[in-house]
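Below sits a lone chain in structure tokens, taken as the form predicted on its own.
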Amino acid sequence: MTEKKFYFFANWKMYLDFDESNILANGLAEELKNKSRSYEMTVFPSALALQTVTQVLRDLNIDTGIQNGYWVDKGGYTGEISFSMAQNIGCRFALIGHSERRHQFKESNHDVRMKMENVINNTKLVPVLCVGETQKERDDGKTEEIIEAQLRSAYDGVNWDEKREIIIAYEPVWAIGTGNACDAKEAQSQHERIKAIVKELLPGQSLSVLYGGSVSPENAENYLKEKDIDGVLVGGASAKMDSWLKILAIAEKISKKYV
């Protein structure tokens, strides 16, 4: 079997406060210590818990990432946190353009591009670009158009270092936090198309595409069996010890087949 790297990303969003984040991080550290993993795991805690969770998990080679950042490194931007600040405390990844940022906080493709440029030009972080369509866009038959526009706006003309990973998360907005997960075959079709577009924009670069949107222990394996789905970006289910450990058990089962 050809070797394939799987990514399992836990986006804790704003589900957990500072104490709850550290309790879960320490619980995961206890559960996973002395256990080898054939997949990559990353946790995206809230900004308040980012440093302490990073410290707890780093000895287990579990990475952390920032959920959002601003495209200026320092300055008079009250309430903002820069990507370089996240890097300085040990983060490896950065979510960019998450569907909740795009649609609840009205981030535009331009905003996403500014963040992407800051990350790739000023940090060593791996940007995780999130793309996906709303229910209305899907109903109007615009899924492919919307996703392609988001990809081209983020990647067209960027000076990409070949040593930096390219990771994208396909997040159909209508599936985020609704329990209405995308059919695995439909997700596979979109993942295949995303890879084709990005390979056109950044020829010669390898990339991984994750699925995100109401991922659960009950459906995770269905996604991971598809050839172009390289992992999952999990929200609510990742903020609970029991459900996340069940997903990680699936991760171990699936990823071992490709090593």
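Computed from a predicted structure; not experimentally measured. Numbering starts at 1 and follows the sequence shown.
Although not depicted, the form predicted together with a small molecule is the subject of the following passage.
A.B. asks: From the list Val112, Ile176, Ala184, Val126, which entry has a heavy atom within 4.5 Å of the small molecule in the predicted bound form?
C.D. replies: Answer to the contact question: Ile176.
A.B. asks: Tell me, which of Val53, Leu224, Val215, Leu210 has a heavy atom within 4.5 angstroms of the small molecule in the predicted bound form?
C.D. replies: Only one option qualifies, and that one is Val215.
A.B. asks: Would you please decide whether Ile66 lies within 4.5 angstroms of the small molecule in the predicted bound form, comparing each non-hydrogen atom pair?
C.D. replies: Ile66 lies outside the contact set for the small molecule.
A.B. asks: Applying a 4.5 Å heavy atom distance criterion, does Val43 contact the small molecule in the predicted bound form?
C.D. replies: Answer no; every heavy atom of Val43 is more than 4.5 Å from the small molecule in the predicted bound form.
A.B. asks: Would you check, heavy atoms only and a 4.5 Å threshold, whether Lys246 touches the small molecule in the predicted bound form?
C.D. replies: Contact check for Lys246: no, nothing within 4.5 Å of the small molecule in the predicted bound form.
A.B. asks: Taking the shortest heavy atom distance, is Val234 within 4.5 Å of the small molecule in the predicted bound form?
C.D. replies: Val234: yes, in contact with the small molecule in the predicted bound form.
A.B. asks: Looking at heavy atoms inside 4.5 Å, which stretch does the small molecule contact in the predicted bound form, given the options 176 to 184, 76 to 84, 138 to 146, 103 to 111?
C.D. replies: Flagged stretch: 176 to 184.
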